[in-house]
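What follows is a single chain, given as structure tokens, in the form predicted alone.
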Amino acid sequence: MHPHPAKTTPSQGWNFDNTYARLPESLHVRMNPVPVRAPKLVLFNRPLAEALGLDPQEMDGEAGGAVFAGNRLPEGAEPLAQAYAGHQFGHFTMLGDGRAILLGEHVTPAGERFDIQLKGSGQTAFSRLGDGRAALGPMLREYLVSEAMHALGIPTTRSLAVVSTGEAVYREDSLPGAILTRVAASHIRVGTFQYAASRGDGQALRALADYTIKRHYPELAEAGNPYLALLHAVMERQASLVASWLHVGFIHGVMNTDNMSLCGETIDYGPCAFLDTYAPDTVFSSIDQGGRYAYGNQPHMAQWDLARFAETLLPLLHADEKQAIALAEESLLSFADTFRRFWLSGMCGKLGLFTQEDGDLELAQGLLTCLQAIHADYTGTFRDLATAALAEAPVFADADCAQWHERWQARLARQPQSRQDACALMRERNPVVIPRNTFVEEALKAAVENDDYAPLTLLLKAVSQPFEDGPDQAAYRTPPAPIPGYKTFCGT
């Protein structure tokens, strides 16, 4: 039997106010993380700790490792496992935090509220047959990619620490165990609403909706129909989020409804990856056999997930079911135009366009058609366009691409801003480096197999300033040869 974690630890700057724990008990189960044998802090995010108002000196070491492992509880924590459901690859399942514990909500000195969650912290009431643990490699991947996404300016959960546990976890092989400390605006998901709705718990559903509005969308409280306004607001944030994924070539890999956060953050970095050569049907996830969550299919799947969210809200939208459905459908039908607006705005920035014209959508899509036809590198090509003189990149040796380049040059000439201004905008919007699959796998292999964190540290430094083109980025600027048949794995 594992001992219970110690109940208190020196403050370290923690300031908990645990509002989720006050929601109906059907939405969570109070329980502690399961302590581990030999916790060792292997990654610690000092800048994030400082931004949260924590004391990095107190936490970067054995004392912090004990907290991040779940062996000691921070002062004021009220640990619980959250209940939720989800459509996993289209199939509805009752889920819940099977390997995670929400320690509570930390309030920063600036008044911002963040969930502090331990991922891989042992069995919970929702573990089913799982061991509740996580392997080191997937936790390092989440730390790396989530911090890269943050640096790219994309809303995301973040990673405060990774602790190795000194214990093995068993998947296909025996692997070193680890726990990730995840920081999120909240962990309220579409699946959280599905859980309450599937149980027919109208009281919990309304309480959850009111709580979500108060926590994330307080401006909606006075709306004529706040629940319809909530649906529309969540849809706006998801449209913006998924558009931003496509702008950097990101493939989430597992867009199940339990992985759609209602606050609009990217959550769960299991089988995620980034495009090398541009192909909208790209799939890396080993569990996505049919391409459901392929790169180019992500907007459609976001709309599908939002439809499941709308279904849970029907009892709140209107007392008459037919009218409730009509309201939900009207909102959902606007998703395609909303997504297109966000996507085009971002693409215009990537192309150095400050203004918008009627033909800009076709211009942006035309470049992607060229990239696909000649199997060009997505990230590298866009960055090549941002050279000081807007010189033609090698990709435009192709005749069709050369014609596109002429149209683009003419389009740039029609806007009032200078070419130098266009260059500057493109350098702001087109990263030099992303966490390319080859570099990620090399860094993870060194850390997991050889306890060598130097490659991971260097890669983290580069992706933390992805728009810089300095010495830290030099080794990662040239695209490596793609890994043949590359697959990513969920890690559960």
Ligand code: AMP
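On a predicted model such as this, the values are computed, not experimentally measured, just so you know. Throughout, we count residues from 1 along the sequence that is shown.
Below, we turn to the form predicted together with the ligand, even though it does not appear here.
Participant: Sort through 346, 315, 98, 155 and report the residue having a heavy atom within 4.5 Å of the ligand in the predicted complex.
Facilitator: Looking at 346, 315, 98, 155 one by one, just 98 meets the 4.5 Å heavy-atom criterion.
Participant: The ligand isn't shown here, but in the predicted complex which of 88, 338, 277, 225 has a heavy atom within 4.5 Å of it?
Facilitator: Answer to the contact question: 88.
Participant: Do all of 350, 464 and 473 end up near the ligand in the predicted complex, with near meaning a heavy atom within 4.5 Å?
Facilitator: No: none of 350, 464 and 473 comes within 4.5 Å of the ligand in the predicted complex.
Participant: Within 4.5 Å, heavy atoms only, one stretch in 122-130, 233-241, 159-167, 296-304 touches the ligand in the predicted complex. Which?
Facilitator: Comparing against the ligand in the predicted complex, the contact stretch is 122-130.
Participant: Is residue 199 a contact residue for the ligand in the predicted complex, using a 4.5 Å heavy atom cut-off?
Facilitator: Judged by the heavy-atom cut-off of 4.5 Å, residue 199 is well away from the ligand in the predicted complex.
Participant: If you check in the predicted complex, is residue 171 within 4.5 Å of the ligand, heavy atoms only?
Facilitator: Result yes; residue 171 sits at the interface with the ligand in the predicted complex.
Participant: Heavy atom to heavy atom, is residue 342 within 4.5 Å of the ligand in the predicted complex?
Facilitator: No, no contact at 4.5 Å.
Participant: Hey, in the predicted complex, is residue 84 touching the ligand, heavy atoms inside 4.5 Å?
Facilitator: Yes, residue 84 sits close enough to the ligand in the predicted complex that at least one of its heavy atoms falls within 4.5 Å.
Participant: Quick one: which residues from 239-278 get a non-hydrogen atom within 4.5 Å of the ligand in the predicted complex?
Facilitator: Heavy-atom contacts within 4.5 Å come from 258, 259, 268.
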